[in-house]
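The chain that follows stands alone, in the form predicted on its own, written as structure tokens.
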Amino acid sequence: MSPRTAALKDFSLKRGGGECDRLQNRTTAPAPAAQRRPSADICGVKVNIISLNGLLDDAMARVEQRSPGYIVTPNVDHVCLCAKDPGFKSAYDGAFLSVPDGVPLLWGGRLLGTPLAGRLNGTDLVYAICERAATEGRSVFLLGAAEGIPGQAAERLRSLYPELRIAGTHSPPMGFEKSAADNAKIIALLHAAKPDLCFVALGSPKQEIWMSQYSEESLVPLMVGIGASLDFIAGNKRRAPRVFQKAGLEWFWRLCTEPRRLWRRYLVDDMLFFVLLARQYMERFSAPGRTPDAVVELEGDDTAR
């Protein structure tokens, strides 16, 4: 059992155990806006075909509806985790929107004949959503990262968008997910702050499972899982240069900056993605006459709705 799988199973012990089983059996009705968005199946993970402007429109509509939900940002690592862990996959399935963070997912969409609209990286989403929130008078809450980082990120965002309302920030202690008292404190903070949106920077798989369990209880209209984005915004970590991002090599940049922590994830665990993609391609196009172009034509009517 890998350390990440063990951590995921530990998370399920909270509130008497069985959390992953509960998530797997839980069904969440998608919001009307999400139902209208077409999606592609990339290695068993639903990824919405949506532009940045479309996402911003749907996010603000969700805030207006005051109906709690959350957004996930799948990358290669998340796809592999979904394939290996039903609890994580269930948390993913309950998301309001699922948008591609990793460039390899764009490659996969094109290979499978269901091209995605473009990459929507978590850090870029924070900037774009905050800019939109500032113009519409919406408030945001920053949850996660190490002590002091959320406050630094908040100052950076205020400097960029002076009209942005920061409802609050909080850095949970290590192991908080196993503590009923710590989770109750977070929910109490969110109830008191009443933010319109909450950026959750806890890392995967923790942030997706936490949002799946607590998004409704928090009463926050929209949560967005953003991984290490607060560290990048605060300047605690340096993001990959734009050329690496466009080439789909942001993972390589992160590997070079944190080799001891990330080598196994990128060089061993995530190789499963290419196995899954090859298998899906063979299954989809093994029938005579089935080509990527044919799939686009067959699915065109659905994605146009």
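Treat the numbers as computed from the prediction; the structure is a model and nothing was measured. Residue indices: 1-based, along the sequence shown.
One more form of this protein exists, namely the form predicted in complex with a small molecule; it is left out here, but the text below deals with it.
Contact check at 4.5 Å (heavy atoms) against the small molecule in the predicted bound form: all three of F176, A201 and R261 pass.
In the predicted bound form, the small molecule sits within 4.5 Å of a heavy atom belonging to R265. In the predicted bound form, no heavy atom of L111 sits within 4.5 Å of the small molecule. Residue contact check for K46: none of its heavy atoms lie within 4.5 Å of the small molecule in the predicted bound form. Contact annotation: A188 falls outside 4.5 Å of the small molecule in the predicted bound form, judged by heavy atom distances. When the small molecule is considered in the predicted bound form, only one residue from G94, G87, P100, G227 comes within 4.5 Å through any heavy atom, namely G227. Residue-level contacts in the predicted bound form: of D231, D182, E131, D124, one residue has a heavy atom within 4.5 Å of the small molecule, and it is D231. Stretch-level contact check against the small molecule in the predicted bound form with heavy atoms at 4.5 Å: of 210 to 218, 103 to 111, 140 to 148, 154 to 162, the positive one is 140 to 148.
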